[in-house]
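Given next, in structure tokens, is a single chain: the form predicted alone.
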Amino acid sequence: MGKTIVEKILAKAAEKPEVSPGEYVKVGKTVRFVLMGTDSTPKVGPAFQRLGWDKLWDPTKVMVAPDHCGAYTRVGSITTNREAHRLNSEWARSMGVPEENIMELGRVGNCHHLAVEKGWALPGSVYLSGPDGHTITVGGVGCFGSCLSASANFFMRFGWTWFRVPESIKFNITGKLKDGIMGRDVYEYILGLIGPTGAIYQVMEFTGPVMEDMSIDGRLSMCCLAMFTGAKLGIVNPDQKVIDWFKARTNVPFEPLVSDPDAKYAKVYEIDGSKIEPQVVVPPHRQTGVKNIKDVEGTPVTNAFIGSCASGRDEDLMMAARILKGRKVHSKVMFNVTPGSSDSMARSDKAGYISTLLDAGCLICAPGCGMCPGFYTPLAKNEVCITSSTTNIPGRMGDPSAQVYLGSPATVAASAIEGKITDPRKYL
């Protein structure tokens, strides 16, 4: 019997010939880890001191990034300010973490964007983070990503952790997406199909012609959101475009792995991608409200946002610029566009996307998570936002009375023009 990509990755990381679902495996050695500075400090350094630990298992495999809060936060918040990142960076340097692994604000962004751009999360490998569940984003390039939460400090000191090998569900997506339908729409369609408990501690493996045609950015967006079905991760088998991406960005050797044709799956879904329409998730909770755009079209909005680990990549900024070129954001809408990383922002500026968005009346913010967790232009009372960020939990993006609708970057951009939820295909 063949093996899935995740079974192969975990077997390699555990240095075992093969593993099977339900088996517990110990992994380490080759694993890379990112410590998100503003989320964890000042807890990490003091925790090491209290335990009598004075070194990391391998400083070269640890990365540090400001991540969630970036440049936006105020002095006085104990875990989410610039001081926290400074302390974390100083601690990392004292532990021997190489300078090139410690990101500062001029060359930073959302850590899940950085993981791929910097070549930290490699195809066929295991990549871990401290407290952030969206580490699974890296499944879009064929990498097993997971967060460690409370066990992060132990991993940094001793260099190993364990996993229960998950079952996999295959989503074979055939046909061809219509213009204006993005990876985000495909994922939300699947969420509506299987529901918020449809993949508990399982792998969502996305395959088929639609995935083969989809950009790396689209794949990353889909895998970022897999957690909202209860999944352990989402993953896409790496192809030549992924291999070429990493060869252009890192000299670190990597071994792409793919599922065998006869691999065993807990379930297989066959989905016709050509029938997928723009999808919108309605408030108050993302897991229970997936709608076709025709069911919510015309809903007034006061705010729009493109950014977070679920969007803010080159393709997302390109799509927004394509829709907004020669047009203006509605006078009653505040449209925040936050690039996912400094590199993405620079590429988008060179391509002309940034100037197009500025001309249209968008607010371009410093790279990072931005508005998604309520930083920079948080929502005020009773505002209504259409966003391509991760979730619409009440209060996450600002005042608890605000309403948040989730859609693709294309839907967000079109809605910002009209001041109401709008099908983006009329602008393409």
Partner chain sequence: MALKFKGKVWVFGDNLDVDYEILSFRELDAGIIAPDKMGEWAMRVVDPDFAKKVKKGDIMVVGTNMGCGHDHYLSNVAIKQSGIDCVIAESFDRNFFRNSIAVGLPIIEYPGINKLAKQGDELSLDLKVGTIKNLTTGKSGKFKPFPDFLLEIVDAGGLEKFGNKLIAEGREQ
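Remember, it's a predicted structure, so these values are computed and weren't measured experimentally. Residue numbers count along the first chain shown, from 1.
Below: the form predicted together with the partner chain, not depicted.
Subject >> the partner chain in the predicted complex: contacting segment from 131 to 139, 208 to 216, 293 to 301, 246 to 254, heavy atom within 4.5 Å >> reply: The contacting stretch here is 131 to 139.
Subject >> Candidate spot 50, 146 and 149, all three touching the partner chain in the predicted complex (heavy atom, 4.5 Å) >> reply: The answer is yes: all three residues contact the partner (heavy atom, 4.5 Å cut-off).
Original post:
Does residue 233 reach the partner chain in the predicted complex if we count a contact as any heavy atom within 4.5 Å?
Top reply: Yes, residue 233 is a contact residue.
Subject >> Distance check, residue 200 to the partner chain in the predicted complex, heavy atom within 4.5 Å >> reply: Close contact exists here: in the predicted complex, residue 200 approaches the partner chain to within 4.5 Å, heavy atoms only.
Original post:
Would residue 163 show up as a contact with the partner chain in the predicted complex if we use heavy atoms at 4.5 Å?
Top reply: Residue 163: yes, in contact with the partner chain in the predicted complex.
**OP:** Examine residue 395 and determine whether its closest non-hydrogen atom to the partner chain in the predicted complex is within 4.5 angstroms.
**Re:** Result yes; residue 395 sits at the interface with the partner chain in the predicted complex.
**OP:** Find the only residue in 327, 157, 322, 86 having a heavy atom within 4.5 Å of the partner chain in the predicted complex.
**Re:** After the contact test, the surviving option is 157.
Subject >> Residues within stretch 336 to 368 having a non-hydrogen atom within 4.5 Å of the partner chain in the predicted complex >> reply: None of them.
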